[in-house]
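Here we start with a single chain on its own, the form predicted on its own, put down as structure tokens.
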Amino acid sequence: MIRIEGLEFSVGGFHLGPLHLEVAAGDYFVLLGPTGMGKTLLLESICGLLRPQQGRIIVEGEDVTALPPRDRGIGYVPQHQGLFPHLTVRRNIEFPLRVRRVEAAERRKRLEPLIELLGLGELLDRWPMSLSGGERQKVALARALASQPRVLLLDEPVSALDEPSRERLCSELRRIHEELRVTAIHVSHILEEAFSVADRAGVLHQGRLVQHGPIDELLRRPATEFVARFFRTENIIPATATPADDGSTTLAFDGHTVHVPGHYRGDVTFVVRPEAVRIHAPGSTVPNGVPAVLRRVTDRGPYRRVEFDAGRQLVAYVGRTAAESAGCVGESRVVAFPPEAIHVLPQPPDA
């Protein structure tokens, strides 16, 4: 388990924190956010390369904030691997054990299962520059795991790879995690990585952790408009909320009204995932139906992105076969928001 309490770090005009986070033992946590939001600064603070100006870092109940990196029990894979070009794959993997003066027999005992797990046996006598990007990442991972760390930190581990290689390495990371059950924090700006490997995730924005929890919660119940946009929720709609006596609320926007369970009042913003939007024939009477005109259909491979004009742009994702019922550009349809798919963003305390 790793717990971060009130961590703060400033560099130039950028300020990270105050940040609070707890990652359970054996969990695989992905920290998401665009470039420049402080993700790498956080990892470097956790592993000891940077000293936070405020806060504490607790690993399995031990305060490691003031400890040097080698004494923290943390394995770190930097974004560009950091392999030593003058050492073979074998010597790169052995490096942290040699630094600790682990005897050769003990090194072999520890590393043989790890080398087999990662499939590196045929690469041991090669040089880093002769390896593919995916192979170098696996060597860097093996080196980080060689000392049997309590926590594994991965900084953009697959961002430099092509898409097929990314998918393969993400599958490998998940498999290795399931085998070793090491607590992992994986930094990325790519959603597909989080979906492939994470138990839970968090979103960092301008140095603040704006939301963290299960992936499904961040996807369908974002805490802020930034999180909603980051998770590609394209229907983000300002509305006026009027609560009713039956426990529901009417949301009025652009001359339309929809209804949602719960009590809300005043100016709000609600979101609806595009894959939850339903498309019906013109004139259909359906709950939360909004008349709209089809403007564009874009093929996205396994699904199609369908844009409608209802006084504002509304977007639906539909399967390839269902796309035929969406109609042709210029035709009228009724776009429906299932009540359970509508999420009203939390209002600020002074709203």
Partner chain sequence: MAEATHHTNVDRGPVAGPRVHPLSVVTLAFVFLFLLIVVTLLVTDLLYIQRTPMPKKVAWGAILAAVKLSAITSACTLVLVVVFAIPMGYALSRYRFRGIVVVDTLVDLPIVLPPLVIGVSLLVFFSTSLGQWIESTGLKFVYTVPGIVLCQFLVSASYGVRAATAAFDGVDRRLEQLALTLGCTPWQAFTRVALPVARNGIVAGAIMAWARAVGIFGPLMIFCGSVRYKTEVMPTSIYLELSIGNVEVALAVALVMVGLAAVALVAIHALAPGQRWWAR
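Numbering follows the first chain given and starts at 1. Keep in mind that what you see is a predicted model, and the values were worked out from it rather than measured.
What follows is about the form predicted in complex with the partner chain, which we do not show.
In the model of the complex, at least one heavy atom of R143 sits within 4.5 Å of a heavy atom of the partner chain. When contacts are judged by a 4.5 Å heavy atom cut-off, L49 counts as touching the partner chain in the model of the complex. Though the partner is left out of this view, T183 does not reach within 4.5 Å of the partner chain in the model of the complex, counting heavy atoms only.
Among heavy atoms of L83, some come within 4.5 Å of the partner chain in the model of the complex. A heavy atom within 4.5 Å of the partner chain in the model of the complex is found for exactly one of R295, R70, R56, R305: R70. The partner is absent here; in the model of the complex, the one residue of L219, L131, L209, I115 having a heavy atom within 4.5 Å of the partner chain is L131. Of the candidate stretches 261-269, 175-183, 92-100, 197-205, only 92-100 has residues with heavy atoms within 4.5 Å of the partner chain in the model of the complex.
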